[in-house]
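Same chain, two forms, each on its own as structure tokens: structure 1, then structure 2.
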Structure 1
Amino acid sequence: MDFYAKTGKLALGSRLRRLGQKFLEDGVKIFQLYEVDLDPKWFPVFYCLSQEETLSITEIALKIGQSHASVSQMVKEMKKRDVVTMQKSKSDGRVNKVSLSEKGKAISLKLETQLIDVKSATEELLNESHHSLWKAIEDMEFLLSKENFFKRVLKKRKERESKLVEIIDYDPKYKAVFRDLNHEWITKYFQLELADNQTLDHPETKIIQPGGYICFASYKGEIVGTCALIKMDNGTYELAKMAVSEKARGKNIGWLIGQHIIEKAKGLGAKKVYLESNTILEPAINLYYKLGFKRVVGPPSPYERANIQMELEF
């Protein structure tokens, strides 16, 4: 199969399914060999019933990990072939109690010798292989239960894209972008306040000249995020005006800007970084925690929207 050689591990899913299919196809022939009058696809249902006497449709479905609809269909066919019997439950008029019929029980005895051979063939196969497929499957199921494949791809995408993000210093030509990026999120959740207009319209005189700092995140040549440090007193800087464009979410930009701005604060000789925010901005608050900020109660803020204050001490 040329395809697997070329796509390699990309096609892990279909390769697994294909391998499983191979086993199941042989299953059909094996049932014929032992002259067991069962449709191989019934096997899981049949096996459960041979172990537990009486089960409802839903119970079987849960046990074998298929949909109740599928079990319902199979049981219908099995009944037509007199392999099982069905009876409405007296205690609960909804449930349909399924058991093996006499014929089914007879088949189950025959099936036992078949299972002995299938089991030892499987075990031999697993022993012959150098790398244990059985344990590898267990590993994989465990890993996927911790974090499914989709999330893993998401994570990789973030990793890759964050490598394309560059952090650059303030330049007068970005003045408008600085305003727009902040305007975007403030007006989405709150209203522009007087203090906003002053800093957003005059970043150079209000932030940079008093000893502050502004940086930008650029992704594929486009400015998609920004953040500022405003000098306060006693070696404290305020982290403010952090903004990431909606369309650039999922690229770890907040984290990258945040880290950069903290390093910058250290470089400026800061002893701590302070910030104000609002609990409605959940992802932002989580980011601040991840960056090491702790919640504090500080002096009242000039901003109406501020309902949480945080600090990072070096």
Structure 2
Amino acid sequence: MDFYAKTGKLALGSRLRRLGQKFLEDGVKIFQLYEVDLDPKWFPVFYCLSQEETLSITEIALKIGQSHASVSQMVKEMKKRDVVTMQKSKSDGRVNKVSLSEKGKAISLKLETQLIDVKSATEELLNESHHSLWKAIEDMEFLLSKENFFKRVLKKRKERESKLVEIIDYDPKYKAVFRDLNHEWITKYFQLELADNQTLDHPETKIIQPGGYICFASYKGEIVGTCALIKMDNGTYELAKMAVSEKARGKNIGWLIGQHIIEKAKGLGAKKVYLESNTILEPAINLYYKLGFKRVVGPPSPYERANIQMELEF
């Protein structure tokens, strides 16, 4: 059975690479047919230089949508074959300007006839197809420019692994885990403070008994995250002691805990949820914004590390 028939959409990238390889192989023969001394993979760079007198490698890379390193390598290969010349920019000595050499300009003239026939054959091929491949490629490039394929796969992984996460309420048997999870992240970036020790050593008397709440995230039966709601006054609860184990990062656990804790606060009759954090914890701050929190100026914090305060009003 054909590999691509068996794997289907799983091998999209590989199939496109195979298709591209077929065009490249025929491209070599076509250049030989028209006696054009050019490597087909250089064509995007060569064409740009044939349309403009001189360009920097950065400018070429932007025009053809390839990396600077890739274009730089092609230019080096073309220079070895005397197809292009390079010289330092007069305005900026750090920038190399690339131009077609005399040989390159001669190739450009010979290439004009080849391109007439290639364009005609391409249009005929596209017309014979039952689907608009050109439009499909445009759509694909546009969609991937908005969200690349890596991010799309990462999102699906998070969605799948999120289904394995269970949010559970506080149980005295998890007291040590509550402390350990918070100890892990606090000591990585800061130092434990007096307010930390009071809360982490006595979660029941400092959080739960005054009307607060603690939850945990269980992933495949292991506690990997936690968060608390501390009752303040005037219908306000503080979101505090949110922690996710390093080994469980990237599984959407912070988002799941955050959503759960906000719904719990609503159930407790909260008018708003308040939190304190530090801006060096960029992923956490981004999560809070995503959950709907906004930056505010609140009362003085008992924590030396806190340099940002945020609220979410219901």
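Start at 1 and count along the sequence of structure 1; that gives the residue numbers used here. Basically, rigid core = biggest C-alpha set you can superpose within 1.5 Å across the two forms. Predicted, not measured: the structure shown is a model, and the values here were computed from it.
Of the two copies shown, the first one, structure 1, is the form predicted together with the DNA. Comparing the forms between the two structures on their rigid core, the Cα displacement of K146 reaches 2 Å or more. With the core superposed, S301 shows a C-alpha displacement below 2 Å between the two structures. Residue displacement note: E193 has its CA displaced by under 2 Å between the two structures (rigid core superposed). Core fit done between the two structures; CA of D117 shifted by 7.7 Å. Comparison between the two structures places the CA of E59 10.2 angstrom away from its other position, after core fitting. On rigid-core superposition between the two structures, the C-alpha of A136 is found to move 3.1 angstrom.
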